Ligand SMILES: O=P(O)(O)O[C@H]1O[C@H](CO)[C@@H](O[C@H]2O[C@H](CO)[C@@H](O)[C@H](O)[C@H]2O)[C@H](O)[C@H]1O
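The chain that follows stands alone, in the form predicted alone, written as structure tokens.
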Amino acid sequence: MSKAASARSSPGPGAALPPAGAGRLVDSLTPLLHEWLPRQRWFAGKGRPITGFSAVAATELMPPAGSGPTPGLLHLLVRVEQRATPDLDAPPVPVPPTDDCYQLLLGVRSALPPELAAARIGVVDTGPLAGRVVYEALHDPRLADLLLERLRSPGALGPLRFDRSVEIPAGLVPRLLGAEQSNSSLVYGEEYILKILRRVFPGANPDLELPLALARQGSRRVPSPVAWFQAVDGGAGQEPLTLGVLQPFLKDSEDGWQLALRALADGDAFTGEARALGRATAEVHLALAAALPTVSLGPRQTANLADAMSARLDATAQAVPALMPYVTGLRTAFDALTRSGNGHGQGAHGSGEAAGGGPVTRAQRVHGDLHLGQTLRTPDGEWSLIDFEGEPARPLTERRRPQPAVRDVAGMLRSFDYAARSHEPWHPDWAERCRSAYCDGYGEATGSDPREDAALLRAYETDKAVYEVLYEARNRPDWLPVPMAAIHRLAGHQP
């Protein structure tokens, strides 16, 4: 990029809109957002009527020009109100109303050039932007470059605060990644990747908190954040909202899911890669335990954990009748966990005894949503873990809670099953060998094989399979046989 182009993209005299102005702006955008927002893959409220929008904050990162080709860039935090609606095709399950906050980055132009037609949201009818076109700003390289310039220049702009840990070069060409789910990602010059979080919550997001903690420990298994931005509310007691994280882009790396599928297609065992991935997972767990506080779960806490899993099983069986015949067999996994917590079964490895008797399980910060798609292998064969946001559907407080590390192990074991089931013909023996190799590698790094605590591992794998049943039934019914095969196994082949 030329110096002139870089200068045009440098941060201008942006400003935060006062509450009244932010409210008028969001009101004028409401008809367009009603139509556009539910179509976005990262919108979590699909299937529920939107009852209203309200402005949390609005900031002009680049004030919209009155006329001419210069685009404006608006940063919005919008609260989306939705009422609960019963699912007429399923047994009644309580669905609480939602009141979620979303981050929007909108471009503003008097006319949209043809290359940005796919990003179009619509023409505003009323209010301060009347007659102008608004569009998804991340599709516009000019505005994406402006966002990086803000990260290169730490400081505050209204409620937004930009921070960085290292110098970031200028002139990196941006491109928007197409594979979006609960967030959006921009790659800059094949050197950095910026994740834009869409559904945002007060409090430290694990996708920033945990990689920063791992960087302090010198871990090389997770790309270290180089810059980030947050929204800071001036009200007393309000925690910041994490909005975006810039990290090194692992160029030419391949994600574990695609590697596993290719291995299946080529007839490769993949056990060496699975073993190395187990070691990488264990190294991340060890670093997290050293960087952040750990807690001990005694018999009562273990029983509460099993009770929560059992409650999720009951709720899912009500929503997905195909699960109902297996409930009794699946519940034995949670009953066994309760017994182990009371000292009547296999104890948690690496733990001691509670004061009142019974084993103690150590809980720590974990990835929270670990599967093959959350891993990358670099060209030199090193594995990295990415996307520490956890399961986005779960509350942030739950995602930040210390949990037994075996939860991540169970998630990866389920992922090997998914890969094997995605290939025709199905190769359950391939999955079993990879599962075993993964646990071998994990045990080599920690000195404690996760299979030693059979009750805890089985309970977490069962809970994960139940979660998968609900997800697939709601979102990808064609995939429902994949977790149902695991349900059949975990329930002891109960018909």
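Note that the rigid core is defined as the largest set of C-alphas that superpose within 1.5 Å between two forms. Just so it is clear, the structure is predicted and the values come from calculations on it, not from any experiment. For every residue, the number given is its place in the sequence shown, counted from 1.
Here the subject shifts to the form predicted together with the ligand, a form of this protein not shown in this document.
Undergrad: Can the ligand, laid in as it sits in the predicted complex by superposing nearby C-alphas, fit this form, that is, is the pocket open, or is it blocked with 3 or more ligand atoms within 2.4 Å of backbone or C-beta atoms?
TA: Here the site is open.
Undergrad: Would you check, heavy atoms only and a 4.5 Å threshold, whether S310 touches the ligand in the predicted complex?
TA: The answer is no: S310 has no heavy atom within 4.5 Å of the ligand.
Undergrad: Contact with the ligand in the predicted complex for Q82, defined as at least one heavy atom pair within 4.5 Å: yes or no?
TA: No.
Undergrad: Using a 4.5 Å heavy atom cut-off, state whether R435 contacts the ligand in the predicted complex.
TA: Heavy-atom contact with the ligand at 4.5 Å: absent for R435.
Undergrad: Is it the case that R414, even though its partner is missing from this view, gets within 4.5 Å of the ligand in the predicted complex, heavy atoms only?
TA: Yes, contact at 4.5 Å.
Undergrad: Check K464, E472 and R476: does every one of them have a heavy atom within 4.5 Å of the ligand in the predicted complex?
TA: Yes, all three are in contact.
Undergrad: Quick one: which of 99-107, 325-333, 363-371, 213-221 gets within 4.5 Å of the ligand in the predicted complex, going by heavy atoms?
TA: It is the stretch 363-371.
Undergrad: Heavy atom within 4.5 Å of the ligand in the predicted complex: which of P202, P141, P392, G158?
TA: For this set of options, the contacting one is P392.
Undergrad: Can you tell me which bits of 23-53 touch the ligand in the predicted complex, meaning any heavy atom within 4.5 Å?
TA: Sequence-ordered list has one entry, R41.
Undergrad: Quick check: M62 between this form and the one not shown - does its CA shift reach 2 Å or more after fitting the rigid core?
TA: False for M62: its C-alpha shift is below 2 Å.
Undergrad: Core aligned, does the CA of V469 move at least 2 Å between this form and the one not shown?
TA: Superposed on the core, V469 moves its C-alpha 2 Å or more between this form and the one not shown.
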